[in-house]
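Have a look below at one chain only, the form predicted on its own, in structure tokens format.
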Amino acid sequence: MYSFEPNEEQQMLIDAVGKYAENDLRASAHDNEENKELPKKLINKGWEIGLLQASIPESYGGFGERSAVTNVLALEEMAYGDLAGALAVLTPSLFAMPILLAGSEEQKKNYLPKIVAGEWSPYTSALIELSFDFDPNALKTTATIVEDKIKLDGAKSFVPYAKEAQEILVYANLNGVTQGFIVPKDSAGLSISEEREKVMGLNALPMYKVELNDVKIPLANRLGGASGHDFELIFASMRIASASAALGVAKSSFDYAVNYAKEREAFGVKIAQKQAVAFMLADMRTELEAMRLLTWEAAWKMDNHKEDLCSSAYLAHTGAVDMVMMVTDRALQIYGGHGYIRENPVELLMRNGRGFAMMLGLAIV
């Protein structure tokens, strides 16, 4: 038997994240999207809440212990405010969390303290590949061991803050197994696109294409050291994080739709009293709550090292991808023509929600 009732410490963190999401992220989301920029001051304020720092043990410069359940609760709150802002604040987690989960002791001591001890710094990772059959367990980017070096070749897309990052954790196929490799920015053969990627949503989040042509790095830069690591735990954590962020986007859309339906009148009554609208809202809430429980359960299984973690993470992510698209689409329908206007927040939420089907690897808990 388990409970998802937040303890006092978790509740304090969730409250702090919630205030930041509502007062800072949500309030500026439209302007940031239109300006295609997230102010550094906004990111630093989110970083100072200490979500990543609270996941890193004191021995590595943090002030807590990792809890996937706590991180899921916090990520949902942050994505509720604005998905681009949430992903930006947590970009360093893309580099730090895999090292915490699967890195060697030397890698943990070398990287974690300098990431969490200072100000926000754009450490990042590269997983996604532009391929119709993209599969994180069968990557086109390859890694080859050549004498005392690892050679990387391939191309990655949607890499947040790649242009500013000093190191990028690149995932590649080594003898049929997905492995992570720490690639310094000044590595010969590493190139980053000059222009940011142009996408349907998340325009405030700078993302770039990364190409690797005969990039050679030391064997010690393999995540986990020379013996490598198990990618499944990292992959499950990515899926749970993506599902959690989708919950935040869906909840934001649902709240906008409910409030609008209670205020908007048609033919002398509030449209919330119309059966078609009421049924839509009921379906949206049902799916939202169902996916929340699946996501929380998967996070709990991660914290408790359950054998069926990977299947639970898969179910949570797959369900959340469909749920967020349904909820954001119906929120726009409830708004009618107003929902299609660029100034309306549900329009941005729908565009961002559509991206969850392909944005796996942009968040990790």
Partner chain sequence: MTIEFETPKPIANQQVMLKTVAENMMRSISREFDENEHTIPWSYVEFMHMAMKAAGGGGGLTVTEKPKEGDEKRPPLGYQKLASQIEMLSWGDLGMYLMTPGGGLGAAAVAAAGSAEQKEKFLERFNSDVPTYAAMCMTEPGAGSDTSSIRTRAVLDEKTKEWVINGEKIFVTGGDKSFTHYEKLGKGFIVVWASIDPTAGRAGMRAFVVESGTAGVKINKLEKKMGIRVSDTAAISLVDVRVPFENMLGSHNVEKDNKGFRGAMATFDATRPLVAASGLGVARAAFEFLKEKLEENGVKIRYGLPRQKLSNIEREVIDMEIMLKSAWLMTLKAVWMADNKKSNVLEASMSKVKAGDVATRLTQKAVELLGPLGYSRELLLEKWMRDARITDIYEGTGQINRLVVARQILGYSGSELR
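Residue numbers count along the first chain shown, from 1. Please read these numbers as outputs of a predicted model, since none were measured by experiment.
As for the form predicted in complex with the partner chain, it is not shown, yet the points below apply to it.
For the candidate spot formed by 73, 282 and 296, every residue has a non-hydrogen atom within 4.5 angstroms of the partner chain in the predicted bound form. Shown alone here, residue 132 lies within 4.5 Å of the partner chain in the predicted bound form, counting heavy atoms only. Of the heavy atoms in residue 149, none are within 4.5 Å of the partner chain in the predicted bound form. Contact between residue 80 and the partner chain in the predicted bound form is not found at the 4.5 Å heavy atom cutoff.
At least one heavy atom of residue 254 is located within 4.5 Å of the partner chain in the predicted bound form. The stretch among 34-42, 58-66, 335-343, 300-308 whose residues place heavy atoms within 4.5 Å of the partner chain in the predicted bound form is 300-308. 315 is the sole member of 315, 54, 49, 325 with a non-hydrogen atom within 4.5 Å of the partner chain in the predicted bound form.
For the candidate set 211, 167, 197, 287, a heavy atom within 4.5 Å of the partner chain in the predicted bound form is found for exactly one residue, namely 287.
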